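One chain comes next, on its own, written as structure tokens: the form predicted alone.
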Amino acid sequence: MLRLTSSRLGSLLAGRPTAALTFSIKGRAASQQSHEVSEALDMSRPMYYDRVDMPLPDKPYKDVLSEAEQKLKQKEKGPWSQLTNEEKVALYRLKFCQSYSEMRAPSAEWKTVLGGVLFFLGFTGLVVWWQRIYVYPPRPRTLEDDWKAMQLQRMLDMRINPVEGLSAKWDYDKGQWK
């Protein structure tokens, strides 16, 4: 039976942690503090994204503007007929990273996917081939053609299922199929 000293029993009943418990908690806390913490994204803040199904992102593509970009933003507040096409494109690029046509443009990703699928199909074929040679036992003799022919002849000789089955389709007088 476990014996408790009076001081240990008193500290357990009083709710005060003992020295052993304090040390283990401090040791665990120290080991947890030594690891680096990964930086988590704050999903409550607006983020920029390019998506076809959501045309307006939460915030513009560029937050920090240079001097020239700030001047262009001031010029944007005036009549747009005075802006050149290059300035309009530059203003668009301040707000968005890609246009719809750039987002919807076909990529070469299908080649990578098809290559991966074909690679795994080839690897699977090699595994099946290896298993057929080294793992599976040899085919039983009952699956050979001459055995099947002898089995069929035996079934015909025994006249198995003569009304609608195999024997009904065999002409016993001529020795051939009807």
Partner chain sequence: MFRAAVRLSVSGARSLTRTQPRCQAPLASRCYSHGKQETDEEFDARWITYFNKPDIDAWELRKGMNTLIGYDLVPEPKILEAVLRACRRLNDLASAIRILEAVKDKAGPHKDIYPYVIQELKPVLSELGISTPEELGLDKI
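Everything numeric in this text was worked out from a predicted model, so none of it was measured. Numbering follows the first chain given and starts at 1.
The protein also exists as the form predicted in complex with the partner chain; that form is not presented, and the subsequent description refers to it.
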item: One stretch from 109 to 117, 46 to 54, 127 to 135, 148 to 156 that, in the predicted complex, holds residues within 4.5 Å of the partner chain by heavy atom; value: 46 to 54
item: K71 within 4.5 Å of the partner chain in the predicted complex, heavy atoms; value: no
item: Heavy atom of D58 within 4.5 Å of the partner chain in the predicted complex; value: yes
item: Residues in 81 to 100 with any heavy atom within 4.5 Å of the partner chain in the predicted complex; value: S81, L83, N85, K88, V89, L91, Y92, R93, K95, F96, Q98, S99, Y100
